[in-house]
Every structure is written in C-alpha cells, then in structure tokens.
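As structure tokens, one chain now follows by itself in the form predicted on its own.
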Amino acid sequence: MPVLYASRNLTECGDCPIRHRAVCAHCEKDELAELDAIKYYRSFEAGQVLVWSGDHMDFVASVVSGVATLSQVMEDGRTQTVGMLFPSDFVGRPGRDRAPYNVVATTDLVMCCFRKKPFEELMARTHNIGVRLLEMTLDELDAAREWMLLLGRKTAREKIASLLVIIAQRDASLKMCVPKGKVVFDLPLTREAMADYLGLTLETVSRQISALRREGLVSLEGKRHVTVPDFDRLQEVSGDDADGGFLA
C-alpha cells in the first residue's frame, strides 16, 4: 500500500522542486493556498501500481520525484508501454472518472495529489490552473507526435540515443538549465523496460548501448548512472541513421 504523508511534512508549495513546471506554475499566492488545502502526498516503491486501467480515480496528481510508466494490456496479454511520467508531469484528467492506462512506479515515486472534485471546482473558478493544464496537454501532444516518429521511423541506434536525450533534457529542465557539453543523469529504466518502451528486444537494447559506449558517446557507472561527454554529439546520433538503415 502507498504511504500517505501530511502535506506539511514534506514540502511547502513555494519550496517545491517542481513548482516552475507543475500544474501550479502560474498560480498566485491565494490559489496556492487553496491547492494546499486539498493536497496530500503519496509515496510508492519501484514496481508498485498507482492505478489500474479502468479504475475509478478520485484524485489527480503531479509527480514530485521519480518516474512512472503508462501502459496498456492487449487482449492476448501483451503489455505496451505508451508513455512515461517524469517529475512535474500530471496524472489523471479532470472530468474523467476512470483511468485510461495502468500507471506503475518505475522508481521510488512521490506524488503531490489533489482531491479530484475540489480540484475541478478550483480549476473552474480560476484562470491560471486551467491555462497551465492546457499548456501541459499541448506539450504532451507534441511529445506523443515525436514519439510516433521515433517508434515508426528511427533505427534501433537512434531510438536508444533519442530516449537518452529525452531523459537528459527532462532532468536538465528540472534544474532550470539547458543540457550541453558533459551531461550526467540517472537512467530511470531497466534495459527490459527500455526494450518494452521502444519496441525493441532486450538483446538489441544491450547491443546498441554497448555500441554507444564503445564509441565514447556514453559511459555507465553501474547500470543506471549515465555520463554523456558531449550532449550535442549524442543529439546528432539520435537522428543519424548510422546502423545501415534497418529498424530493429
């Protein structure tokens, strides 16, 4: 079961590490006070299910720390990962009672949750929350279109490089900087999860990561701590058909 925290025990809204990117980014002081009155924190361990597809959701939330995946199970039992949730990403949809996807914690996860009905009422009364949620929805739509390109047209090498670029960019955005030069971050996915997310086999993921390491594009400490010596070079590779043009 998830651990519940009283809101005051974890952080104040004004000191929140995701404040500049979250749904409350444009909120005024009085709006933050109203959000604070209806919020609570939930903590999940890696591998825990936050919500199953079709479940009733009585909350919406922002990811404060950690990463989760969105997935759907097909009729034959196969699971397809359809998205990832990084810190500041929004979970749930106002006006929708049921969860459209399984949401699973990939790493240890903390979410800032809002009781759904009061959140919907506050959004209807205020301008800033609705505007920010629209901005985030449009960003999510752009990201989905980019992901369609990645899955449909990019090579295995480009897919791996693109995923590393995306994670590095999201990590940098939380630090309010732009990734350039040497970039260091922790990879939130296992190789198995990367394979599922990218539509590749585990062997292909391992082979392509090994190739990137041999070429000096990335280095790994353990399985998750990633160093990119030259971010621009990795970004170039993410769109460079360097493995002969064959999709894996």
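Quick caveat, the model's predicted, so the values are computed rather than measured. Each residue number is its position in the shown sequence, starting from 1.
Keep in mind that the form predicted in complex with the DNA is missing from the display, and what follows is about it.
Colleague: What is the one choice in 203, 45, 30, 58 with a heavy atom within 4.5 Å of the DNA in the predicted bound form?
Modeller: Contact with the DNA in the predicted bound form is made by 203 alone.
Colleague: Only one of 105, 156, 165, 110 has a non-hydrogen atom within 4.5 angstroms of the DNA in the predicted bound form; which is it?
Modeller: Answer to the contact question: 156.
Colleague: If we define contact as a non-hydrogen atom of the residue within 4.5 angstroms of the partner, is residue 224 a contact of the DNA in the predicted bound form?
Modeller: Result yes; residue 224 sits at the interface with the DNA in the predicted bound form.
Colleague: Flag residue 192 as yes or no: does it have a non-hydrogen atom within 4.5 angstroms of any non-hydrogen atom of the DNA in the predicted bound form?
Modeller: Although the DNA is absent here, residue 192 would touch it in the predicted bound form, with heavy atoms inside 4.5 Å.
Colleague: Is there a non-hydrogen atom of residue 180 within 4.5 angstroms of a non-hydrogen atom of the DNA in the predicted bound form?
Modeller: Output for residue 180 is no: heavy atoms all beyond 4.5 Å of the DNA.
Colleague: Given that the partner is absent here, state which listed stretch (32-40, 216-224, 65-73, 50-58) has heavy atoms within 4.5 Å of the DNA in the predicted bound form.
Modeller: Result of the contact check: 216-224.
Colleague: Thinking of 199, 207 and 210 as one candidate spot, does the DNA come within 4.5 Å of a heavy atom in every one of them in the predicted bound form?
Modeller: All of them do, each having a heavy atom within 4.5 Å of the partner.
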